[in-house]
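Below, in structure tokens: the form predicted alone, a single chain.
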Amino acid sequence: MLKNVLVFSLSGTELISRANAVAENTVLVTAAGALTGADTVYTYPAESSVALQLKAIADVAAELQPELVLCEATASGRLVAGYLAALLKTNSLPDVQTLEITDAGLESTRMVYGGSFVKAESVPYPAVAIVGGGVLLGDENLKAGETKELSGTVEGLELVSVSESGVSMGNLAGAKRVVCVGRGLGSADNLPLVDELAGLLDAEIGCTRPAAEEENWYPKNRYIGISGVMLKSKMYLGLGVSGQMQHMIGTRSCGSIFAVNKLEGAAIVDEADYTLVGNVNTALPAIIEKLK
């Protein structure tokens, strides 16, 4: 068992639950009011930026000297991971697909060269890993620890403004059913139909990377795949999803894969258990009507 593990997370208990299972002492850094569950929880104002807290987080890590740092796969998580890896004189493992925490070090795999190969890595402690949702899912193991406020900011940085995305992610990594939106949906005008379908299926909504980063239909923390969320749902339904390897890696642990796509030769057709070949815009209303 490890002695000290530090976790940075804002959106879920997955990482801290696993840390509690492998370490004698766990420390969580999070925004105020977001999470608890470690032996010690350090918080900073929810309206603040994690960039302003890097010095304070580094001070905590310098005192703790953790064998392992686990950071969520978000922009904030990657920033913290890189900063602490430099402090601990090690490298960060980015976007791991599988992660085994052993007494000797970390055993991990991740996709490289655009998804063409799987790289297996073994690294000794201290180690820093950036972990996507769904990679370390397991029984929830939380503690009722002490909460403290981080103190100290990075000089030369100023928070100018904060804007809300207006969309809640929900628990995508732990969802039993997921409806995934691809660019084949065609238009943001069809998103209300997706919301209605997800409601009827009691499903969470995810998306492909282009749907998030290029079309801006959903926030980036909803995209599924190598550098996004790794699903373990019982059902996945892809709407207008082409099925590129980088995306489908995130569905490999799903129970059943359904797809709606107008192209019989789409890559997702080979991956799906059931495929409806047809226009998504025509199929969506029909599926909703049947479910009603």
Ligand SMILES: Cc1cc2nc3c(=O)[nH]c(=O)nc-3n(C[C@H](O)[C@H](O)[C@H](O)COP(=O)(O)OP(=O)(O)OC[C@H]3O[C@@H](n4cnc5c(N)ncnc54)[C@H](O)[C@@H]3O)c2cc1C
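Just so it is clear, the structure is predicted and the values come from calculations on it, not from any experiment. In this text, residue numbers run from 1 along the sequence as written.
Keep in mind the form predicted in complex with the ligand is missing from the figure; the text below concerns it.
- Against the ligand in the model of the complex, the set Thr13, Gly37 and Pro66 makes no contact: no member has a heavy atom within 4.5 Å.
- Under a 4.5 angstroms non-hydrogen atom cutoff, the ligand in the model of the complex lacks Ala46 among its neighbouring residues.
- The closest heavy atom approach of Leu52 to the ligand in the model of the complex falls outside 4.5 Å.
- The ligand in the model of the complex is approached by Lys262, whose closest heavy atom lies within 4.5 angstroms of it.
- Heavy atoms of Ile226 reach within 4.5 Å of the ligand in the model of the complex, making it an interface residue.
- Between 176 to 184, 96 to 104, 138 to 146, 81 to 89, the stretch whose residues reach within 4.5 angstroms of the ligand in the model of the complex through a non-hydrogen atom is 176 to 184.
- When you look in the model of the complex, the only residue of Ala266, Ala31, Cys254, Val60 with a non-hydrogen atom within 4.5 Å of the ligand is Ala266.
- Contacts with the ligand in the model of the complex, taken as any heavy atom within 4.5 Å, map within 267 to 281 to Gly278, Asn279, Val280, Asn281.
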